[in-house]
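A single chain, nothing else alongside it, follows as structure tokens in the form predicted on its own.
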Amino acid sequence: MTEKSRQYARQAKEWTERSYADATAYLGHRAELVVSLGPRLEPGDEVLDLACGDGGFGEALLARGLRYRGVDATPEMVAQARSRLRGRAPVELGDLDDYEPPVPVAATTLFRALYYARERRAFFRRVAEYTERKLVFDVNPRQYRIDYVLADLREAGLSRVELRPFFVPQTVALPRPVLAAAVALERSGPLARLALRFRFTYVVAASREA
């Protein structure tokens, strides 16, 4: 077990509550983008959430009428996710590079975990095999060159890509008017791209050409 894995095991209990200053706002906005960015998801569609942690994101997706399947490589996280979701969705132990769902899913998500993929292009290809509509993930443009990520997606057959800045902060709870302004700023074009030079991430929805 790596030191990072041991850290996740120790912190599994109440991971969501300790990771986000306002989990409802942060994960709720993420869920909205999973539904709306790229090909739209409809109630009843199944979302596979790789590196799902303690299943906190599952609650936000289930609240929107989606079906949820979580996968995480840390047994303690899987146990916490099962406890949190209380039988409303399956949660399995598995590695994001090797896991394959029992049937194809409408969407696959991967948040705060792209760096865990052993080889990014191979990971994208594998996910494309079992994902019918879109892959949705976040990427830090200061850590990854976006054009390289897009090239890997195209090679995997996911050539239709939409990017959206994500400006809801993880560690600060914003008053509702300020939160609304931050979300509106995501659509501000040049100003949003300027902000991304210093902070925040993109949410990426990748799918096949229609």
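These numbers were taken from a predicted model, which means no experiment stands behind them. Residues carry their position along the shown sequence, with the first being 1.
Here the subject shifts to the form predicted in complex with a small molecule, a form of this protein not shown in this document.
Looking at 34 to 42, 176 to 184, 65 to 73, 153 to 161, the stretch with residues near the small molecule in the model of the complex, meaning non-hydrogen atoms within 4.5 angstroms, turns out to be 65 to 73.
Every residue of the trio Tyr8, Trp15 and Ala51 has some heavy atom no more than 4.5 Å from the small molecule in the model of the complex. Shown without its partner, this chain lists Leu96, Leu135, Leu85, Val105 as candidates; in the model of the complex, only Leu96 has a non-hydrogen atom within 4.5 angstroms of the small molecule.
Put simply, Tyr116 is close to the small molecule in the model of the complex: some heavy atom of it is within 4.5 Å. In the model of the complex, at least one heavy atom of Met77 sits within 4.5 Å of the small molecule. Contact check for Phe111: a non-hydrogen atom falls within 4.5 Å of the small molecule in the model of the complex. Heavy atoms of His29 never reach within 4.5 Å of the small molecule in the model of the complex, leaving it off the interface.
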